[in-house]
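Before any questions on how it binds or moves, here is one chain, the form predicted alone, in structure tokens.
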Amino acid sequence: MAEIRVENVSKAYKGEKIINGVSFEVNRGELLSLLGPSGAGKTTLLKIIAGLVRPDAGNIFFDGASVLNVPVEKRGAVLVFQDYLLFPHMTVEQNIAFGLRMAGVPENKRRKAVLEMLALVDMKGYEHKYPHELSGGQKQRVALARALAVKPRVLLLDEPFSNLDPRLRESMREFTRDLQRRMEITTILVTHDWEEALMVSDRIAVLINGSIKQVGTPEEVYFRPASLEVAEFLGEKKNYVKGRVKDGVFSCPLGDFPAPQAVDGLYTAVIRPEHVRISPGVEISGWTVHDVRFAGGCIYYKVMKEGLFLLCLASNDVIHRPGERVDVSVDFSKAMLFETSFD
């Protein structure tokens, strides 16, 4: 396993900058997710680290040594794509052994390594199957086995679960994360799925419009996003409430709330639905249920008061109906304040 350092990397295509001065580090044995929307430059950056694309500027270091001029096959990094890219005319055994054969590993050692990989990814008995005979999850396991068979220093995963159905995706996330931990292999996972990144990562690097906006643990980027841009990307549903801070108090349509760390000025408060509750008789009364979205273990409500809408989360033990009057409680200590300007 290797420590990775990406230093001031930039890349442009046809005059359009795709990666813009990106820098971050991945610790030995760590799983870091490159998280960002489609078109953010995640796959391009992963290919630069793998050596498939050369940057216009910057450098890539493995264990403190530049690999910028090291050929792809000698970097010790393997890349697993979302489409698996298994050879359709080869059996599972032949697919897994492919990299070893290209490296000139003797047949008896290749066979032993293949058997070890099949056991590692729970695919014993499938060695003579062809890719078209496998499920999506099984293909993904074979792709991982083929990548790991060559004992890489770095594992690069490009949206590896995006082609799987939701249940299988969750299963493969857990499997891959467990495998990565057991092997202690330094791994970079590219994903646009913020929930996936939160669940599997040691740390997350948020990449938006070709620039790193924040690097931190899942808890840090979720609870303490570095900017409104990052906060907007993490989490599907949020409330945005504009107001003003003066003398350590944030005043907004919801009321006055302490904001001792904020300097005087205009702010947008970002409040997640789980921090807004329907609570009889507390804090803010006189709301009307506008919409109800049942989500099994919980219910999302949109409530309205004097033209202001709030999304809130409630348990499913009591179901409120549209038009019903309710009281709302806001845990403003969990709100995220970002300086802003009003239109």
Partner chain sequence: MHRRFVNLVLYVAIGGIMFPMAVLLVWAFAREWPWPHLFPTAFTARGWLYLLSPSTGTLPVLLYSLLLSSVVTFLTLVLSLPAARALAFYEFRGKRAIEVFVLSPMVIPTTAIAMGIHVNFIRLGLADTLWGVVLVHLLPCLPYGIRILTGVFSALGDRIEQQARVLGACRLKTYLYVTLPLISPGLVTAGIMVFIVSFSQYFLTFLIGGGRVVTFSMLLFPFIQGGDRHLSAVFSLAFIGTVLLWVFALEALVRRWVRKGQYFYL
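Positions refer to the first chain, counted from 1. Small disclaimer: the values here were computed from a predicted structure and weren't measured.
Below, we turn to the form predicted in complex with the partner chain, even though it does not appear here.
Looking at 107-115, 262-270, 227-235, 200-208, which one sits within 4.5 Å of the partner chain in the model of the complex if you count heavy atoms only? Going through the listed ranges, the match is 107-115.
Considering 251, 217, 171, 94, which brings a non-hydrogen atom within 4.5 Å of the partner chain in the model of the complex? Of 251, 217, 171, 94, the residue with a heavy atom within 4.5 Å of the partner chain in the model of the complex is 94.
Quick one: from 126, 222, 98, 257, grab the residue that has a heavy atom within 4.5 Å of the partner chain in the model of the complex. Contact check passes for 98.
Counting only non-hydrogen atoms and a 4.5 Å threshold, tell me whether 31, 61 and 193 all contact the partner chain in the model of the complex. Answer is no for this spot.
Examine residue 47 and determine whether its closest non-hydrogen atom to the partner chain in the model of the complex is within 4.5 angstroms. Because a heavy atom of residue 47 falls inside 4.5 Å of the partner chain in the model of the complex, the answer is yes.
Residue 313 within 4.5 Å of the partner chain in the model of the complex, heavy atoms: The answer is no: residue 313 has no heavy atom within 4.5 Å of the partner chain.
Even though the partner chain is not shown here, does residue 178 get within 4.5 Å of it in the model of the complex, heavy atoms only? Residue 178: no, not in contact with the partner chain in the model of the complex.
Interface membership of residue 121, the partner chain in the model of the complex, 4.5 Å heavy atom rule: Contact with the partner chain, no.
Could you list the residues in 131-160 that come within 4.5 Å of the partner chain in the model of the complex, counting only heavy atoms and keeping sequence order? In sequence order, 146, 147, 150 come within 4.5 Å of the partner.
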